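First comes one chain, alone, set out as C-alpha cells in the form predicted on its own.
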Amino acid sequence: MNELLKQDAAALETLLEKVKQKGVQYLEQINERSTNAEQVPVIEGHLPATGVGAEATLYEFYRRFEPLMVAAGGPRYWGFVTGGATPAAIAGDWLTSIYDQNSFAVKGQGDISANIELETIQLLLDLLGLPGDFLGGFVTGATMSNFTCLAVARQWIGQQAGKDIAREGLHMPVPVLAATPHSSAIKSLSLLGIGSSQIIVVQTEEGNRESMQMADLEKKIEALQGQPFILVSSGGTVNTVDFDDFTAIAALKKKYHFWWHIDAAFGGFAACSDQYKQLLKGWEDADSITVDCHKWLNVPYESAVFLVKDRHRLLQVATFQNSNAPYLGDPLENFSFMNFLPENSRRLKALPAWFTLKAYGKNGYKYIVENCIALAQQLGNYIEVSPHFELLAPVRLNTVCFTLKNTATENDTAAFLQELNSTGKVFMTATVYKGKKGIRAAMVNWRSTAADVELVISLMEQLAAKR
C-alpha cells in the first residue's frame, strides 16, 4: 500500500475529529461570517509527484481557502434561492460520504441505498400532500429535475405520433406552452433538442402578475388544432413566487391532450403551510413535477427530485434505459434508478433528505416555511412605506422583489446592491422584472430570524441615506 494512504488510514479518527472541530466552529460563527467574497484565491496548477498527506492538505485548505468561504448557508444569504442545511441533514450528508453507496438498484445489484431513496420519496410526497402514484428520484438540482421530466414528456409527444424519440432521434417539432418559465426549464428544452426558442408564449394575467392567463392559454391550445403539446407551468415564479391556476389547468387537461409539467422548485413547499397550500390546489393531477430539496427543504447541495406519474413508467424507461448493458438486467423486472433518470452513477443524495424529514417532521417544515414567509413580509412591509425603495411586485410568499426610488439611472440600483453586498452582512441578487432592474431577496433558510431582517433594514437605511 502507498505509505501516505497507509498513514492516513491509521490516523483517520484524528483527521475527522479535526474536520469536525473546524466545521462546528464555522457553523457556530456562521451568523458573523461574511456573505460576500471580496478576494479570490490564487490558482496553483502544479501537482507534485509525492503528496503531503491528508493532515497537511487540510491545513493548506484552512490557510488558503477557508477564510474566503462565505456564509452561503447563513441566515442573511438571500441571493438566488439558497437554503441552509439543517443539523440532521448535515449528519445525513456526512454518512452519505462515509458509506459511499452508488444508489441505483433496489434488489439484486449490490446495496440497498435505492430502498432508502424510495422511502424518502414517499416521505416527501406525504409532506407535500401529493398522492402516492408519483414515481420519484433524486437528481442534482432543479435543472436536472426539469430535464428528466421534460425528457419523459418528449417521449410522450413522440408516442402520440408513433415515434420512439429516444431511439430514433427528434425529427419533429414539439410544441411547448409556457408563460414565465424558469431558465432551467428553457435550458432543458435546449439540451433535449426541442429548442429553447420554441416556446409558444402564453400571456400573463393583467396587473402585477407572472401567472398565465387561462383564456389565452386555451386560445393557444385551440390554435394547435388537437396537436399534442407540453405545458410548462409555474409553482412559484422566480421573481415574485406567482402560481399558475392549477385547478383551471386540471380542468383543461380533461378537455385537451397534453403533458402537464409543473416547475415547483421551491414554491411546492407552500404545501407545508395550512395557510398557503391552496396555492397548489390541483397540482396532484400533473404528469410531472420538479421540487428542489437544497432550497426550502434545507439539505446540502446538490439535491432535487423529479416526480413523474407512475402510469408513464414505460415511457420513462424507454427514455433512460441502459439498453446496451445486459449485465444490469431487465429494467422493468429489476427496478433500477439508472433506467429512470439521466445519471448512472449517483451518491446517496436521498440520505440527508431522509434524515431531515424524519428529524423535524411536518410541524418542523411548517415552521420553516411559515417563518420564512413572515420574514419576507417583514422586509416587504418596510419597503412598502420606505422613502428610498419600492416594491416591484407584491410579496406573495418568500421572495421580495424591489428597486430604488427616484434614481437618476437604473445603474444606481445595481450600484446600491453592490455596496450592500460588499458589507458582507447580507447577500441579495440583481434581477429584471417587467423590464425594470431590481433586487431580489429570497428567504428559505431555517436559521433566519426577525432580528436578521431588522439588521438588514438598518443597513439599507444607512446606505440609502448616503446616496
Ligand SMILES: Cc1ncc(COP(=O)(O)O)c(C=O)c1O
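Just so you know, these numbers come straight off a predicted model, no measurement behind them. Numbers follow the displayed sequence, beginning with 1.
The next section is about a form of this same protein that is not shown, the form predicted together with the ligand.
Notebook entry, point to check: Within 4.5 Å of the ligand in the model of the complex, do we find a heavy atom from each of G141, V238 and F266?
Noted result: All of them do, each having a heavy atom within 4.5 Å of the partner.
Checklist line | Contact label in the model of the complex: N146 to the ligand, heavy atom within 4.5 Å | finding: Yes - in the model of the complex, heavy atoms of N146 and the ligand come within 4.5 Å of each other.
Margin query: Within 4.5 Å, heavy atoms only: does D292 come near the ligand in the model of the complex?
Written below: D292 belongs to the contact set for the ligand.
Notebook entry, point to check: Does the ligand come within 4.5 Å of any heavy atom of H182 in the model of the complex?
Noted result: So H182 counts as contacting the ligand.
Notebook entry, point to check: V81 near the ligand in the model of the complex, any heavy atom under 4.5 Å?
Noted result: Looking in the model of the complex, residue contacts with the ligand include V81, since a heavy atom lies within 4.5 Å.
Item checked: Listed range touching the ligand, judged in the model of the complex by heavy atoms within 4.5 Å, from 292-300, 276-284, 168-176, 155-163 -> Heavy atoms within 4.5 Å of the ligand in the model of the complex occur in 292-300.
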